[in-house]
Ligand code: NCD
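Below sits a lone chain in structure tokens, taken as the form predicted on its own.
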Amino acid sequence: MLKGKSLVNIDDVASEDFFRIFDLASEYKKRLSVGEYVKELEGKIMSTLFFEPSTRTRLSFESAMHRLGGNVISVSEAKSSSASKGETIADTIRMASSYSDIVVMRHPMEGAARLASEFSSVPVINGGDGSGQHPTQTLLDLFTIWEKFGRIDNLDVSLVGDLKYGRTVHSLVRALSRFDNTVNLISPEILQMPDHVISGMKQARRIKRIENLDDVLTKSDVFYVTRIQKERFVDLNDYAKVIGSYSFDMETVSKMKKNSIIMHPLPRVDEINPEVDMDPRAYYFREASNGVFVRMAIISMILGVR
């Protein structure tokens, strides 16, 4: 169970808790759809510490807490905090945890969330740590797949784009590998998923490296597309070589199965043409909106309300 625990890595969540989260997220989604106000966390405070740019993750976490009846105190960028004066993560988290009941943190350094959890007096949720992991994004991704297909197993899932630096896919592939899924890793050679991310996985035999998107277009149930992250490249010449490697337009989508879906953690650059947005297989905005309900469920379970 998640009660009282930090959520830093997708491995911190037991498989059976995935479905508890899904059920509770579904409940919240239904209650909010009829305008019901949820007051389960009145009097509770969440600190959001975002030392790296964010739109969907920060806003959905803050929306989730407000919709649960709680309150939010926030640091939205590093320069507005004492980190700009040289304060350590340990000291920052000690202060933030003394002001709140739960902390959500995003940081450009991989491992920062785990470090923060060791110094915090309250549970810490990882909102993304460099090219490490993004566990709550994975939970909302899985919830979106579960809503569509009624299951998160026996699926063919293609992860497309930046698999080296993309923390969302690092978490997602670990979660998918717990179930009986085929996972296709589609990326330029210099952006392949690191071996350490997939080593020792239960279903590693069903994880395949593929360079040609056309090889899976007619087979996959889910296409999880990611942005080539310019900010992660040390040499921009390397970035110039891979930008635009994979792109979904209507010609590409026309080759997909009618019941398949396209997902994306957003923001997008040029990997999904806006003309695709109106196609019923475009699920990325639905995926983003699900973030509020899933994060409501996660917060409630960690704080022991559910």
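Treat the numbers as computed from the prediction; the structure is a model and nothing was measured. Note that residue numbering follows the sequence shown and begins at 1.
One more form of this protein, predicted in complex with this ligand, exists but is not displayed; see below.
Proximity to this ligand in the predicted bound form holds for all of 57, 137 and 266, with the criterion being a heavy atom within 4.5 Å. Segments offered: 266-274, 62-70, 41-49, 24-32. Contacting this ligand in the predicted bound form at heavy atom distances within 4.5 Å is 266-274. The shortest heavy atom separation between residue 117 and this ligand in the predicted bound form exceeds 4.5 Å. Among heavy atoms of residue 168, some come within 4.5 Å of this ligand in the predicted bound form. At a distance threshold of 4.5 angstroms between non-hydrogen atoms, residue 227 is in contact with this ligand in the predicted bound form. Interface residue remark: residue 106 is counted as part of the site for this ligand in the predicted bound form, having a heavy atom within 4.5 Å.
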